[in-house]
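Let's start with one chain on its own, the form predicted on its own, as structure tokens.
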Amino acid sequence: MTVKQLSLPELVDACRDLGVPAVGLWREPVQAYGVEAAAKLVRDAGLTVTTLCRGGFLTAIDLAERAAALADNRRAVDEAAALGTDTLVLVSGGLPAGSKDLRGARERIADALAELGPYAEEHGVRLAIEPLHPMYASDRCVVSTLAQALDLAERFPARQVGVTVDTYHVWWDDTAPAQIARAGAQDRIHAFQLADWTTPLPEGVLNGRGQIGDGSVDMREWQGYVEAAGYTGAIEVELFNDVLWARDGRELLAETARRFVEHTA
């Protein structure tokens, strides 16, 4: 998503040329290219797929909508398995239209995980609940903190459900380091992502993630937290930014790789 202006073949070529060994993929471009074709493309290039994003949006009240969401998440699990990644990132979903019931929405997520967790495990895939910054709670994700994400995840085996730690969403939360330790003690840190916090936020706030090093987040500090908690997996960079997307994709990927080296241990 950081360089969504690149097609999948262009992304694979750029990663190979820059020595980037792994990539987190998003479902929409994978589906457009073809899941099996995308799997072959990355496999032939020697790239590892770290995660697939995204499943989730599990808060609907309407029974038909809930059934459709569960079916879509099963397809997402199938796609993750085909791509060779063991991690499907979940963005849980916001409040249904007209609802003000945050607790009820979170319970519906738990109900869905009870169905999806065993299915994911059968396919060798883990579900990684990603808490999003509270500004997204109404329309995108009622899970706003790592504590809330872990409260949900801990109802299920760690081999089925864990969490995603994204610096953009948790950097402000002074309880997050303790929650990272809590997650690590249970082997529930399934993904770790970097993005910086820059202001002012754009209209709509979704596409305002800053390039590493441009904002307020100490990337080494957060890397230290997850590594102290026992995390040894990939570190992804996930930037949603209209200004960055307007640039040449290969140049942006090269810059992001340089920033990654500069701002991580």
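Heads up: residue numbers just count along the shown sequence, starting at 1. Predicted model only: the values in this text are computed from it and were never measured.
There is also a form predicted together with another copy of the chain; it is not shown, and the following applies to it.
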>> Tell me which stretch of 152 to 160, 94 to 102, 116 to 124, 72 to 80 has a heavy atom within 4.5 angstroms of another copy of the chain in the predicted complex.
In response: 94 to 102
> Thinking of 5, 21 and 84 as one candidate spot, does another copy of the chain come within 4.5 Å of a heavy atom in every one of them in the predicted complex?
Replying inline: no
> Looking in the predicted complex, any heavy atom of residue 197 within 4.5 Å of another copy of the chain?
Replying inline: yes
> Hey, in the predicted complex, is residue 46 touching another copy of the chain, heavy atoms inside 4.5 Å?
Replying inline: no
>> Although the partner isn't part of this model, could you tell me whether residue 216 comes within 4.5 Å of another copy of the chain in the predicted complex, counting any heavy atom of the residue?
In response: yes
>> Since only the chain is shown here, I'm wondering whether residue 41 would be in contact with another copy of the chain in the predicted complex (any heavy atom pair within 4.5 Å).
In response: no
> Only one of 201, 61, 235, 35 has a non-hydrogen atom within 4.5 angstroms of another copy of the chain in the predicted complex; which is it?
Replying inline: 201
> Taking another copy of the chain in the predicted complex, which residues of 131 to 146 have any heavy atom within 4.5 Å of it?
Replying inline: 133, 134, 135, 137, 138, 139, 144, 145
